[in-house]
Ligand SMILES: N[C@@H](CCC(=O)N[C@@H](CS)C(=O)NCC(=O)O)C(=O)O
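We begin with a single chain expressed as structure tokens, specifically the form predicted alone.
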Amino acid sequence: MTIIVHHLEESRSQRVLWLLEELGLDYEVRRYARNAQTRLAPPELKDIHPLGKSPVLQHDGRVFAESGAIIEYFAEHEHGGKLAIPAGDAARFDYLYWLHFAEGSAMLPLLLKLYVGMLGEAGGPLMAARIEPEIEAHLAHANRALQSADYFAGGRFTAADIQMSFVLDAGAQRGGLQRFPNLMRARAAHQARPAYQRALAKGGPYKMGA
């Protein structure tokens, strides 16, 4: 059965398309636009998953949600796990760490900055003073991990890099990523990959990738 990706514009769904392209899997993209005023996903997505968020993926009668879970599952179960690092490998912990660091730590302050910015003056300088150091700390931490390579685990390209890509995109958009040369270098290398470019073509405009 063909994989169906319910793809919301400017969202974490883009990295799922990239993963599927890297794995060479056949899939169908169903695109959804955000509400122009609220920037929220359209209500039709609730027909696929009760939370009404993207990415949502349908395959073999199952509904897959949460981009991290999707990426981890397909990386380990497709093509002999070529984008995962198996148990017993010395780099397994690094792989799992960055796979979960992306959403568990790094995205929260970046999202808070977005929401506080939407509040304007109501957001207040106090919140900004708390958020900016967190963004700086997380991006600096990731930057140090890439001192000798463009990849986060095992010295090779893995699903952890795909998962971290949205952090780098959000950082470039609102986190001052240009201050972190290793992250900038890795992001450029990832975006140059043919599978990344194919995912852009299938997913449609993605301003966060600029």
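Sequential numbering from 1, following the sequence displayed. Owing to the predicted nature of the structure, the values given are computational and were not obtained by experimental measurement.
FYI, the form predicted in complex with the ligand isn't displayed, but the following is about it.
In the predicted complex, at least one heavy atom of Ala41 sits within 4.5 Å of the ligand. In the predicted complex, the ligand sits within 4.5 Å of a heavy atom belonging to Glu103. Although the partner is absent here, His59 lies well away from the ligand in the predicted complex, with no heavy atom inside 4.5 Å. A residue is said to contact a partner when one of its heavy atoms sits within 4.5 Å of a partner heavy atom; His49 fails this definition for the ligand in the predicted complex, lying far away. Contact with the ligand in the predicted complex, defined as a heavy atom within 4.5 Å, holds for exactly one of Arg185, Arg34, His141, Arg31, namely Arg34. Picking from 147-155, 49-57, 23-31, 177-185 the stretch near the ligand in the predicted complex, with a 4.5 Å limit on heavy atoms, gives 49-57. Contacts between 11-26 and the ligand, taken as any heavy atom within 4.5 Å in the predicted complex, involve Ser11, Arg12, Arg15.
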